[in-house]
Ligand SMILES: C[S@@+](CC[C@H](N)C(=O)[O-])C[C@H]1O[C@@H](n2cnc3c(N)ncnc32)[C@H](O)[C@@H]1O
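There is one chain below, alone, in structure tokens, taken in the form predicted on its own.
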Amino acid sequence: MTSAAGWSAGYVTDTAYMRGYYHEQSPLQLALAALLMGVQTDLPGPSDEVSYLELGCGQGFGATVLAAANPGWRITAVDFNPAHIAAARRGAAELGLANIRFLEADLASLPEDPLMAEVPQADVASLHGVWSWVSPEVRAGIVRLLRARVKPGGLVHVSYNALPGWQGALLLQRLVREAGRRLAHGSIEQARAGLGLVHELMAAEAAGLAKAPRVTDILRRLEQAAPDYLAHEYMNSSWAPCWHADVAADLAAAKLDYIGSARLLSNFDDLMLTDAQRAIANRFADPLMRELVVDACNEPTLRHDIYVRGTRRLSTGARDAALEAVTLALPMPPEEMVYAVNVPAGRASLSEAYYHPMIEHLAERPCTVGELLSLPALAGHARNPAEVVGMLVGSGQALVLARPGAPMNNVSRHLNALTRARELKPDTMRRVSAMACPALAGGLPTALAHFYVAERFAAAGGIDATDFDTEIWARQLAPADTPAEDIAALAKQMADEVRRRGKIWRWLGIA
């Protein structure tokens, strides 16, 4: 078993869940997705107070980033593993965060526990990597908690391993778990042993694996996976992928209505379905049946669903007006803009005549969607703010600024420096974490090596600096025995990153 104690109930507790930031959990991202779907919701404004609840927070890194970037928000994060909560509380205390609270609680019984009084009413709640990994009793407790603590009109994000995407890999997971428990001790070694058996069976041409869709792709992806990820993904006793309609039926007991996906591009039928597939989906008015058709066509293995507790629909005009007020920033040089994006329905092309003027304008400064659509070069083009926001933000080629021009606060700088100091090692330079950023009301996904570059660049004077030497930075970062040619290569990478990111770091208050 994964734990000698009975309290784990078959959930992995002998190794901590990895620290991570997932932008799908961001209240800004969730509110933007809801707005795109025509659901009335207020995007968090510069001075808005937001109450955010995370269930299954792990070591609390994502919640801590949100708390650091948003001093006026109230963050509550819950996990049943005392080691997770101890680590999270220590991190918050080290930063002096006063707007976050970490609670150790079992989600199955929390709604009836006196500790429930410490869970505030939430504007936004998120469960990432929880629902399909826990028992039915825990899921029932989650539903009772959401009904009691999500405000009317509040948003809920739920991610889970989905069917039919996982259908072909059910045997893989079962083999990893069952064989691992018999071959090794400790969840990490069990996961490794179980995967080793799967590889042996693949080599022996076991039909249940060799002929199953996705198994080869999953195994290839797992070659680079962290050991703690393998343990938590495959060794939990209650792991069970879910049908979207079943999740929606469970959450309906909390008066939650499904409205769309936290991944923006997934909300556009033209991108998710071919013409023939869309014709079939359009025969159904029932959104759950439509989602079943979409899942049958695309087979997602992980869904990021958004629910609202009381749906209020916006007119198209009101939605578009709200979207035109959104401020966008360009996260890369304009020459790196991609005008064709791979989507499930094929390849989505972005008209250069339409988008190139916007990108050129954004290269100079952040601006609102309304400003972009009013550019003289776009006269005569249809005014479609939903497409602009969906395509640019959904493809990762634009960022939404919640607080344009907001400077970094000291807590965010401290958190970013701690993240870099603790996690940046010679073998983790390319690993992506997130820098807390008040302008984004959340985190900026950034390679760990670039945390260091941003720090040095800011210390040198930022975008107006005239005297900085990336070779010195490279020598400070690299181990002492690093060859000169590797130092030169690292220095060039740092200089390239300054060129690519210098402006966005200034716009975000980072440098």
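In case it trips you up, residue 1 is the first one in the sequence shown, and so on. Just so we're clear, the structure is a prediction, and the values are computed from it rather than from any experiment.
Missing here is the form predicted together with this ligand; even so, the following discussion is about that form.
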query: Where does this ligand sit in the predicted complex: which of 404-412, 143-151, 129-137, 389-397, heavy atoms within 4.5 Å?
result: 129-137
- prompt: Hey, in the predicted complex, does Val453 get a heavy atom within 4.5 angstroms of this ligand?
  reply: no
- prompt: Does Tyr355 reach this ligand in the predicted complex, with heavy atoms at most 4.5 Å apart?
  reply: no
- request: Look up in the predicted complex whether Asp123 has a non-hydrogen atom within 4.5 angstroms of this ligand, and give yes or no.
  value: no
- request: With heavy atoms only and a cut-off of 4.5 Å, decide whether Ala495 touches this ligand in the predicted complex.
  value: no
message: Under a 4.5 angstroms heavy atom criterion, identify the one residue in Leu66, Cys57, Leu32, Leu53 near this ligand in the predicted complex.
response: Cys57
message: Can you pick out, from Leu373, Ala105, Met337, Leu95, the residue that has a heavy atom within 4.5 Å of this ligand in the predicted complex?
response: Ala105
Non-hydrogen atom within 4.5 Å of this ligand in the predicted complex for each of Tyr11, Tyr17 and Tyr22: yes
- request: Could you list the residues in 68-92 that come within 4.5 Å of this ligand in the predicted complex, counting only heavy atoms and keeping sequence order?
  value: Asp79, Phe80, Asn81, His84
